[in-house]
Each structure stands twice: as structure tokens, then as C-alpha cells.
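Taken one at a time, structure 1 and structure 2 that follow are two forms of one protein chain, written as C-alpha cells.
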Structure 1
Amino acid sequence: MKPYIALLAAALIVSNSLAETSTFDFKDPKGVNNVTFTLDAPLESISGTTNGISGTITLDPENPTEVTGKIIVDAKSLRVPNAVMQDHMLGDGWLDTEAHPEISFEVSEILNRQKDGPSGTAEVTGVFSLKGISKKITAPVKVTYLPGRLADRTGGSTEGDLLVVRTTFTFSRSEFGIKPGENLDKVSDTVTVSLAIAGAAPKN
């Protein structure tokens, strides 16, 4: 009899822990989710954006000790204010988006969590992939959990929760094979990336 009780208890614990995790989908039909990137340059900073973002993150929003998921950016959707500059940026000399259509960040670990009401900060470690090169990076994130607010966003058609994630981090373009050591007098090697995205976890 005892083994059955232990098994039942284990099943209850597992189902309880599964019930607490939610998967947030970051594909945003409203086009609000966005990534901005900035490179310093002599005349003016080169700055662009994209809202071609997709991916999911699974975590317990109330107690995010473990996080899994991947955020994907469609590299071809990156946009700068000048059409010629955009063609150069997406072309094979710079990002080569034909060969490398995705930029991604796969979350592997969450550290130094600090909660402040519905929001919290942490350091997220994961694998950042760009132009076919993957490197482990750590980025500071601010997360805001908005339970029951998905209905406000969908005009009441879908019930669920929202998770807002914000982060800013930098990387060296040379380390990702983007004209390493070249054009440093025209465009800085350091790229600053800011991400502001909201994921939706619908409830049935």
C-alpha cells in the first residue's frame, strides 16, 4: 500500500508544479513587441528596429527558478531609416540574411532574481546566435507579470496572462563575424540591443 501512496504523492507534486508553469508566446500580431539596435557612428548613431519577433518562454511567473525558451528575430525584418543602408545591412557583406535568416536567444539559466511587486529583475544566461555564430551571454532583464490582462489586449476574446520582458545588452559585431576589424572608423564594433516584448499565455 505504501508504494502506492508515495506514487500518488509524487504524482500530485508533479502535477502541481506543472500547473504553476505557463508558456508565453511572444508572437505579437499587434506589432508592439520590438527590438532596437544602435551602433555608434561619427555623423549620427545608426539605429534600427524590428517587430519580427517570435518564440516562447516557459516558466512559473510567480517563482521563476527555472526558465526555458527561445526568442527568435526574423533577421530580414530589421529596419533602418535609410533604404540603401538597409540593403547593405541585410546583404552578404554585413548580416547576410539570405544565409542566416534568424537571430535567436535561447534561455538556459536565470540568476540573481529580485522581486518587486508584479515586476522583478534577474540576470538571464543563454545562447545568443547571430550570423551562424552562437555564444553564451548574460543579460539583465526586467520582467513584469500581468495576470489576467490578455483579455484587455484581445478585446475580451482570449483570457490569459501577459509577461512583459525588457532587456538591454551589448555585443561585439566582430565576435559574430560581422566585418570583424573592418569599417571601425564608420561604425562602432559595439552593438547595443534593447528588447521590449510581451508574451501571452492563454487560458482555456
Structure 2
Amino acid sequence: MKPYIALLAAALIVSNSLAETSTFDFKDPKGVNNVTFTLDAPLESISGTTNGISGTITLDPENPTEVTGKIIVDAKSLRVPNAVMQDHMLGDGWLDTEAHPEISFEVSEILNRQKDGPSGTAEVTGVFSLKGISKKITAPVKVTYLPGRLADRTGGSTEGDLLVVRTTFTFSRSEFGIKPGENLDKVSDTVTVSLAIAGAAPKN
């Protein structure tokens, strides 16, 4: 190998190994991060929300084609307006949150990334886990990287970067063993989930 080719190869290896990655924490002390869910059946439309969100995502914000991490929702934090309906939803007949306290999405791959300034769209593939059942799904996402903006969100108390993630996707409750085929007039089998969360990467 010619000397200059060897030097170029070494430089590429070093630059790749030094690619700056950041870990973004989605446990929001302000409680603003939220997930909403809707089940629109013929007789009733049920909507709920939660801000019991945690988890981390690690990536290179300038080239986020490879990403690792998991977003976790505290299943017991899910809320609907009707108190009786909420008790049923969290109980062992439906979500069984005592036995399955977490709902999670573990990221494995980003596809079809399109960048537009600080924002971008992509398809994120990962494993969605609910009530003890895990399935691979792909969801469209919009991601906005905001370097140096963490202080704006925290009132100047902490310096760092933000990663804002928004997505909407659907799944079938029957595929996760939640009353398959039952109560379809009042509780839709299709669940629509919308997520709007910001992760923080503080700087020392």
C-alpha cells in the first residue's frame, strides 16, 4: 500500500472512531413530554394520555443513520377521562399493568432519512413491547436536533442539546393479547398512538 493511501485510510478510521455521539435522556422533569392514544370504535371514541415517559437514545446528531436506545412508558400512568374505564384499562382483563408495568419501543434502525436543516424525517424500525408481547414495527418520525437549546427549555439552569421526536403510528390490540375480538363496537381494535417528546443531552 502506498504511504499516502495508508495515511488516508488511517485518517478515515480515526475520524470514524471519533464521531461524536450524544445520549439523550427522555425523562422530562417538566412533565411536558407526552403520548396520546385513541381508539375510535362505532359507538365510542376513547382518548387518553400519559407523561410517564423515560428512556434514552444514543446517536450522532450529524449522521443519525445508526441509533440505539429505548423509550419506555409507565403503563400505570395511562389516563382516560372516565374513572371506571381507566380501572378496567389498567386491570388484568385489559393491560394488566401489575404484571406488565412497562410499554416500550426499542430502536434498531433508521431508514429513508431526509434532512431539512435542523429537522428531518425518517422511518424508525424497532421492537414494540406491550403486555408481555414484542413485535417489530416501523413508524414514521420527525426529528429535530437543537444544539445548545437545553438551557432555553430548563430556564437557563442546564446547558446542553435537545432532540425532539414526533411520531404517529397504529397497532392492533388483538395482536398484543388485549381482549382479541371483544367489545369492538365500543373499543376499537386499532389503537392510534401519537408521541411528542424531547430528550436532553446535558453538557458538563
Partner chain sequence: MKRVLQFTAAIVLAINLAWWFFAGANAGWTKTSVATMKIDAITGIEYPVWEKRFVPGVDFIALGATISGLVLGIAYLPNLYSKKSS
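For residue numbers, the reference is structure 1: its sequence is counted from 1. Each form is matched to the other, and the largest set of C-alpha atoms that superpose within 1.5 Å is called the rigid core. These figures come from a predicted structure and were not determined experimentally.
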inquiry  = Please identify the form predicted on its own: structure 1 or structure 2?
reply    = 2
task = For I137, state whether the C-alpha moves by 2 Å or more between structure 1 and structure 2 after rigid core superposition.
result = no
request  = For A41, decide whether the Cα shift between structure 1 and structure 2 is 2 Å or greater, given a superposition on the rigid core.
outcome  = yes
